[in-house]
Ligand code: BGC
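The data below hold one chain only, encoded as structure tokens and taken in the form predicted alone.
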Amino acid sequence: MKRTKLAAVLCASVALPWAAGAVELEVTHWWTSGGEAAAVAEFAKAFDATGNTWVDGAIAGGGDTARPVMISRITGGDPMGATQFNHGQQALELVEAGLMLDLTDVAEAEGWKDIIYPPSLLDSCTVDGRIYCVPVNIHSPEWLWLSNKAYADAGIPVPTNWDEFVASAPALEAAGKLPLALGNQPWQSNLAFGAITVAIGGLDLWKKVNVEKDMEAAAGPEMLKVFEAAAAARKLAEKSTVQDWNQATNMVITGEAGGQIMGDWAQGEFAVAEKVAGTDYTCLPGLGVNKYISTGGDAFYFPKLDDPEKEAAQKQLASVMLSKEAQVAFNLKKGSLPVRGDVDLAAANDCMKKGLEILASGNIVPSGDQVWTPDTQAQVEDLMIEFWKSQDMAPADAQARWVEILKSDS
């Protein structure tokens, strides 16, 4: 169903067995940067308004740090009330082990299948026909964020696509700017590679490799061009010394760096810094080459607690997170797109409007979390860390190792 069609869908109020009294629920997540904290506070405020209490369980260090902690607590008999995971297979084993609460009654009563777009988001929450999570946003990682100040200081126009960005590097360096800011967290290099894959290789190649699992295409000359482009980007980021992604974003905000390849959550940091899209910074979805949205993002799961009152509160929280009001408030501050197609986003900035237009056009693909197993993703991430940190690893050698990893999951 197209998002434009979803705009006409109205979700009727339904009677569900919510908790009669106030219940405290611990909610774990890895949203700790300024923009992320401001966004998750909107969910907390909406849940607290029901008479229950959101107990914040933020875990610093990003998803790679937080997920093992969350999983260990759930499997070790110390579950939280709700926990964040990304769309896809990250919580599949926990669901199959019977450790997650079934939300199908809430989903059916509120018509989630009619209001969540694209359908793949709810599909990722569905196991054997039952729904175990609530999608809360759509995040596309393939954006190039540019500092208008850095380009003004360098005396050259702000690029409109990836090729122009690469060509602008000498002028930026002459002005004392870092061309490409890249943090040292492992997932960031993998994200940058994924963005370059679509920008240089195109959507058809991406789909052949990631959806059709075509290993000839993965090993072919078009994919080699992607690795060569990544090697060029690696050179542009060679002097980047920051660790966290939001530190790299701050370099773009302050004009120390020309650009950053990062997901649309970077908008939250620009918003906290009171920067205006189109005036202080420029955003290029698909690196300005292939404009599309990959439907990654976040979902919340609810571990079984063996407590009827808390279970009712868990289901109420799931409902709140998908409400129109919470979807708007959360996603405007997060920089992500809502999963509902019937909400008013008149307050959206220029970059969010670009994302909404692409989403409405149907120019979307699933995220890596939805097409590859966690083990394959971890192996690819390890390879990307090595490739981006070693100027000596040849693109062809990296491609060959990458193909071998994918073959085990194809």
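Given the structure is predicted, the values throughout are model-derived calculations rather than measurements. Start at 1 and count along the sequence shown; that's the residue number.
Below, we refer to the form predicted in complex with beta-D-glucopyranose, which is not included among the displayed structures.
- The partner is absent here, but in the predicted complex a heavy atom of 265, alone among 265, 165, 143, 112, sits within 4.5 Å of beta-D-glucopyranose.
- Only one of 315, 340, 139, 177 comes within 4.5 Å of beta-D-glucopyranose in the predicted complex through a heavy atom, and that residue is 139.
- beta-D-glucopyranose is not drawn, but in the predicted complex it has a heavy atom within 4.5 Å of residue 31.
- In the predicted complex, residue 297 approaches beta-D-glucopyranose with a heavy atom inside 4.5 Å.
- Though the partner is left out of this view, residue 302 does not reach within 4.5 Å of beta-D-glucopyranose in the predicted complex, counting heavy atoms only.
- Looking at residue 190, you'd find every heavy atom of it more than 4.5 angstroms from beta-D-glucopyranose in the predicted complex.
- Stretch-level contact analysis of 113 to 121, 251 to 259, 78 to 86, 235 to 243 against beta-D-glucopyranose in the predicted complex, using heavy atoms and a 4.5 Å limit, identifies 78 to 86.
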